[in-house]
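Presented as structure tokens, the chain that follows is alone, the form predicted on its own.
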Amino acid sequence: MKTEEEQTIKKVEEIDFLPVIDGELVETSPVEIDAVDEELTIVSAKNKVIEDRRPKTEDQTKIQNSKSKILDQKIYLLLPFIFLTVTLLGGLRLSSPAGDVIFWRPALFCLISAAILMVLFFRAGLISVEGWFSEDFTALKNIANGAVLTTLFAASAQIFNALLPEQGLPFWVFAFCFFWTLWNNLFADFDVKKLLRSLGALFGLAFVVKYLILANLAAPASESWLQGIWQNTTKEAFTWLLDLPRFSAGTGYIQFFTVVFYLLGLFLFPNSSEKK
């Protein structure tokens, strides 16, 4: 075992054999270092611009064109189809017991609620104004984008028409709840995911109350008014007090898919009409 003193002497001898470099220390100011870093940053930025300006290969061009076509088909074909379907189905009712098709026009409150909902979409970031309307776009593209947003507005009005009771006291109760919720959401901090979850919960609750609770309170049409009272007094009383119209059970199935299509359209709706 070597002692500590012998180990220290050996380390000193090894250090003596290392080469010695003579030189002078040069002082540099922090300003000069910052200037060098800035020049390097400018050079790297210029190199990046030059790389971006390089002609793309044929494969890259095909991929970019393919992505643009997919986005255009999604915006100008799929989304208008979904929202126009919601607009059509949102007003459909099936009479009871004949099952005749009735188109129920939306109330003025539905249009007001749809306008507030559109403002909420812009505020939450679901829709970017600059991404849909710009001076850099052609006039045809701006018009087409406006048409897509018009279908969204029409579908929003019809979704309220589908979920609001048609008349009577339930209509005003639902209208107050919808207006209160939308008005409070205008002043809340929302991102797109929170907004979609909130609307899904709101529309789902309204659907359950209207088509599962209130619809069961309305008695089916009977051949005789006296016979209806005798057989089902409670349902006839609720129908008269709440002024609930009588629709076939198929109406609930139609409006279920209406709500699903509308939420699907919102989920697929892009923030901008331009490919990022």
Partner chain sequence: MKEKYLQILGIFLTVVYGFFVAWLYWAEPKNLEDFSTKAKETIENTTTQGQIIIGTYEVDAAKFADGLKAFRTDNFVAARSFFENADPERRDARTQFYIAYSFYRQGFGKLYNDDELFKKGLEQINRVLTLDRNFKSDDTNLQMKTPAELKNEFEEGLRTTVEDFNPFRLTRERK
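Note that the structure is a prediction, hence the values are computed from the model and not measured. Positions refer to the first chain, counted from 1.
The same protein has a further form, the form predicted together with its partner chain, not shown here; the description that follows concerns it.
Novice: At 4.5 angstroms, heavy atoms only, are 90, 141 and 144 all close to its partner chain in the predicted bound form?
Specialist: Per the other structure, all of 90, 141 and 144 touch its partner chain.
Novice: Only one of 136, 100, 191, 130 gets a heavy atom within 4.5 Å of its partner chain in the predicted bound form. Which one?
Specialist: Going through each option in turn, the one that passes is 100.
Novice: Among 205, 84, 177, 112, which has at least one heavy atom within 4.5 Å of its partner chain in the predicted bound form?
Specialist: Here the answer is residue option 84.
Novice: Is the gap between residue 156 and its partner chain in the predicted bound form 4.5 Å or less for some heavy atom pair?
Specialist: Output for residue 156 is no: heavy atoms all beyond 4.5 Å of its partner chain.
Novice: Decide whether residue 72 counts as a contact residue for its partner chain in the predicted bound form under a heavy atom distance cut-off of 4.5 Å.
Specialist: Output for residue 72 is yes: heavy atoms within 4.5 Å of its partner chain.
Novice: So in the predicted bound form, is its partner chain close enough to residue 80 to count as touching (4.5 Å, heavy atoms)?
Specialist: Residue 80 belongs to the contact set for its partner chain.
Novice: If we define contact as a non-hydrogen atom of the residue within 4.5 angstroms of the partner, is residue 151 a contact of its partner chain in the predicted bound form?
Specialist: Yes, residue 151 sits close enough to its partner chain in the predicted bound form that at least one of its heavy atoms falls within 4.5 Å.
Novice: Spot the stretch among 178 to 186, 116 to 124, 72 to 80, 197 to 205 with residues whose non-hydrogen atoms come within 4.5 Å of its partner chain in the predicted bound form.
Specialist: Looking at the partner contacts, the answer comes out as 72 to 80.
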